[in-house]
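The chain that follows stands alone, in the form predicted on its own, written as C-alpha cells.
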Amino acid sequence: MSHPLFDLDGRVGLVTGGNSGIGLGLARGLAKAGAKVAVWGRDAAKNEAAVKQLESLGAEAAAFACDVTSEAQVVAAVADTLARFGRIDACFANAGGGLASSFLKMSLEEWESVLRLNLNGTFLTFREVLKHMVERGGGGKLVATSSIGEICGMPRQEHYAATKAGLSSLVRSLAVEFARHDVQVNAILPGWIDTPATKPVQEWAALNEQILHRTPARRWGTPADLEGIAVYLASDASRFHTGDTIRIDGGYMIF
C-alpha cells in the first residue's frame, strides 16, 4: 500500500508520449501509486501495449491517439480524456525528440520541426489541461520532461537543447502565474536513460564509455528510475514545490 502522502488513488494522470521509454516509466509510477492513467501517443500498437502493461499493474488505463503538434488533436484528446476519466489531476508533457544534425547543414525545417514537437506540443498540452484545471478548481500538477541538455552543450543537437531550455523557462513562468490556482509546475531533467531512442548512443563505444565514466552511478538510467519522481510530483507531497527543474541523472551533472 502506498504511503498516504504519495497515494494517488482516485486521481488521474496524463502522460504524453507515454507508450514507451521515459513516458512509460512515468506512467508506470503513477499506476503503481493507484492513479488512473491516460496515455497519449501516435503509434496505435504501442498505445495498446502500454495500456496492457499498466492494467497488469492493477491500474485503470486508456490510450488516445494524439500528435501533440496538432492543436486540433490536442483539444480533442483532452476532451476524450475528460470524457473517459472525468478529470485530469496531473499532466506530464513528455512527448518530444530530435535527431542529431550538423548545425551548418541544419535546415530551417529541421529546426522548426523540433520546436513544434518539444515546445509547441508542450504549450498546447499545458494550455488545454490548464483550462480544465482552472475551471474545475482544486489545483493540479503540470510536469514537463526537459533534459540535462538544457545545461550542458549538445553539439549537433542545438535545436533539441534550445527547446529543453525553453521548457524550463516556461515551467517557471507558469508556476508563478497559476500558483493562485494551487497548480504546481515543474520540470524533470533526465540524464542518460536507456530507451529505444538512445540505443545508437549506447552502441557508440567511445561515447558510451565516456558517459559511464562521468556518471557516478556507473550505469545508464532506466525508465524505472523515473517512476518515483513521477509519483512525488503528482502527489500532495509536492504541493509547496513549484517552478523547479529536477535532475534524475545518476550524478552526471555534478561530476
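In case it trips you up, residue 1 is the first one in the sequence shown, and so on. Note that this is a predicted model, so its numbers are computed, not measured.
Just so it is clear, the following notes concern the form predicted in complex with a small molecule, a form of the same protein that is not shown.
Novice: Give me the residue from R219, K32, R42, R214 that has a heavy atom within 4.5 Å of the small molecule in the predicted bound form.
Specialist: Exactly one residue meets the criterion: R42.
Novice: Would you mind picking the one in V51, I229, A59, I193 that has a heavy atom within 4.5 Å of the small molecule in the predicted bound form?
Specialist: Filtering the options by heavy-atom distance leaves I193.
Novice: Mind telling me which stretch in 168-176, 129-137, 81-89, 144-152 gets its heavy atoms within 4.5 Å of the small molecule in the predicted bound form?
Specialist: Going through the listed ranges, the match is 144-152.
Novice: Evaluate L124 for contact with the small molecule in the predicted bound form, applying a 4.5 angstroms cut-off between non-hydrogen atoms, and reply yes or no.
Specialist: Because no heavy atom of L124 falls inside 4.5 Å of the small molecule in the predicted bound form, the answer is no.
Novice: Tell me, yes or no, whether E55 is in contact with the small molecule in the predicted bound form, where a contact means a heavy atom of each within 4.5 Å.
Specialist: E55: no contact with the small molecule in the predicted bound form.
Novice: Find out whether any non-hydrogen atom of G17 is located within 4.5 angstroms of the small molecule in the predicted bound form, and reply yes or no.
Specialist: Looking in the predicted bound form, residue contacts with the small molecule include G17, since a heavy atom lies within 4.5 Å.
Novice: Is N208 a contact residue for the small molecule in the predicted bound form, using a 4.5 Å heavy atom cut-off?
Specialist: No, N208 sits far enough from the small molecule in the predicted bound form that none of its heavy atoms falls within 4.5 Å.
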